[in-house]
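Same protein, same chain, two forms; see structure 1 and structure 2 below, as structure tokens.
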Structure 1
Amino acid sequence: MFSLDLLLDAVVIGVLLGCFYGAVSLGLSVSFGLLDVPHVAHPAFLVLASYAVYFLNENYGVDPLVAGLVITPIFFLLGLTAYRLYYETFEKRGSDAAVRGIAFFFGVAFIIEVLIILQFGVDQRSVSASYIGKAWRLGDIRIPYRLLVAFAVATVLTMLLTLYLSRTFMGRAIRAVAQDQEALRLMGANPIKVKQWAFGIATAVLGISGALLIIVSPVDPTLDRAYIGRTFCVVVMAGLGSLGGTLVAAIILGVAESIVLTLFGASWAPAISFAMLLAILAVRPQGLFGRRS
């Protein structure tokens, strides 16, 4: 029977889960929100990062969070390469780049999924660490350490990325390229190189996010499909390019999913992100923290 204690438990878990959703959506907030790149392969790169963390943890005993830091530079270079390929093949050619770009990134996502299956098989994979499987009790509420880790890392990651975009020259250039490329060019900066750098950062963030994903739950090669709706819902709900809003929107989604899971069961939870995405597009297309154009 539903009770106030059960609701409180759902809200607490939902907030922590939402912070995790915020962490896995940060990269998309940059690539799609600021650069306007239809990066539907974002969740596939996320799962790829999780498997890279699994490989380091399983074979060398590296802590998942440390493994996430280790692969971050590799994913940065991967992001630089992916954007250059996208730009030369699609964006450089004109107005229908977005439509063709969606097909391109869907193809990339499919290739990543097949490569993971060929290397690791279709079974779920998980990592081991001292904080996985343990929980902290707050009264009658049991809070898994893995969600507390995700909460802490997501908060720090959001703060660092926000500071980078607001306090550094390249960060301000990244924000400017989304608004006026010609003005940026007049200032002596190359908009394409700025966007490539930004896409590299958006992909590098997935190194840490992928570590959080496999810490929170086991992963399988098709898990990216479950996160397409969630990540785009968070970014659109926040308002394109709003990093602080991304964390808030993710918490809203996490709480909503947790309450629905508690009340109606797990089968309804995946539909929440798509329902909220459609609702926000109908009621406030610019997002909760976006400005009207």
Structure 2
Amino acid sequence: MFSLDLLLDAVVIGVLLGCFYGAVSLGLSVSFGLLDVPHVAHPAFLVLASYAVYFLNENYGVDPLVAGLVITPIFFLLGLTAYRLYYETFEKRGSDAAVRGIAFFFGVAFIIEVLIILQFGVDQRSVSASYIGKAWRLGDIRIPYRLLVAFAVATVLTMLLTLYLSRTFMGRAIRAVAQDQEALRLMGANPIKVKQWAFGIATAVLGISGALLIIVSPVDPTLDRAYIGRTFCVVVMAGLGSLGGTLVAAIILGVAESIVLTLFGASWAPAISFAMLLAILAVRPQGLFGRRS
């Protein structure tokens, strides 16, 4: 069944959904894309942030987005600590650091999952806010407010992070360490401290992304498993380290998924998105917006 109305709906929802995917992938774009850290615990931190937002919303009535801002500094510190641990135990020990790093972050993800279960139990949790469960009418189209919130926040977050990385001293240092760690060291800077700071920023972003996650849909302690493939897919498709590219790649993924779900049958959606990833990697191995090394 095909109609222009349905196609238009699918594109609009796809763009909004894509922005949400972009927001939850942004932190990974820094930690994996720029720093080359195999951060498979990224979605677990994301879910942890969602539970922190849930806690503040449920017990103190804090709006989920405000709660996301409140936990941002805590997640920054968490990121600093996690990177230091990873560096001391794995990265500085040698060439197979990446492989062992994956084991480290899988361990971290598992610990986070167990801690959430111990504290909150295994049931699904969600938050309440005036913009959840309602939709904006635009002619015949109805757009869920929660997706509009995700769209707005993702756009602002990407802009702020891009500005930070391109306009501030520390931001430029992070880009420099991503390109040539040794050159930075020769200039008297400590690349490990820069990387630690960057990892802190990547984790702090998860505070807001976690808020979006629980605004868009309820969470449970094992939800991170559903986002590992999706977030890595977005970051790799974008090209490692490209923040703007992350948002665009996420929108392409969201629109493709939405059109397939609406017009071609729901079972095809995951196959189409991963087929797109493979096709892009075949044509441009560096991703859509990555530079050739």
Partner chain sequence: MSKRVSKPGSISRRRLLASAGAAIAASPLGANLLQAQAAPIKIGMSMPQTGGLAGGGKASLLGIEIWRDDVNAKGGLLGGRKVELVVYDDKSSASETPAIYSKLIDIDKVDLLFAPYATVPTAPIMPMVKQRGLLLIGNFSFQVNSKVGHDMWFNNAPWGPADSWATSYLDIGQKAGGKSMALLSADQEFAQNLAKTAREVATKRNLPIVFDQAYPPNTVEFSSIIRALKATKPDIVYVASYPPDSTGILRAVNEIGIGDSVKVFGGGMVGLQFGAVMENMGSLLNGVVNYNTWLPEKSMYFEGTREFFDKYTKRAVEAKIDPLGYYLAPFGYASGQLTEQAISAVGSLDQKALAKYLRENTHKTIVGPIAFSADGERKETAVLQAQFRGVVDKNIEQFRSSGKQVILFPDHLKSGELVAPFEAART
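Everything numeric here is computed off the predicted structure, so don't read it as measured data. Rigid core (definition): largest C-alpha set, two forms, superposition within 1.5 Å. Here, residue number means position along structure 1's sequence, counting from 1.
**Student:** Looking at both copies of this chain, which one is the form predicted in complex with its partner chain?
**Tutor:** The chain shown second - structure 2 - is the form that fits the description.
**Student:** Superpose on the rigid core, then tell me if the C-alpha of Y60 is displaced by 2 angstroms or more between the two structures.
**Tutor:** No, Y60 moves less than 2 Å.
**Student:** Taking the rigid core as the reference frame, tell me whether V15 has a CA displacement of 2 angstroms or more between the two structures.
**Tutor:** Result for V15: no, shift under 2 Å.
**Student:** State yes or no: after fitting on the rigid core, is the Cα displacement of V248 between the two structures at least 2 Å?
**Tutor:** Result for V248: no, shift under 2 Å.
**Student:** Could the core-superposed CA displacement of I272 between the two structures be given in angstrom, to one decimal?
**Tutor:** So the C-alpha of this residue moves 4.5 Å.
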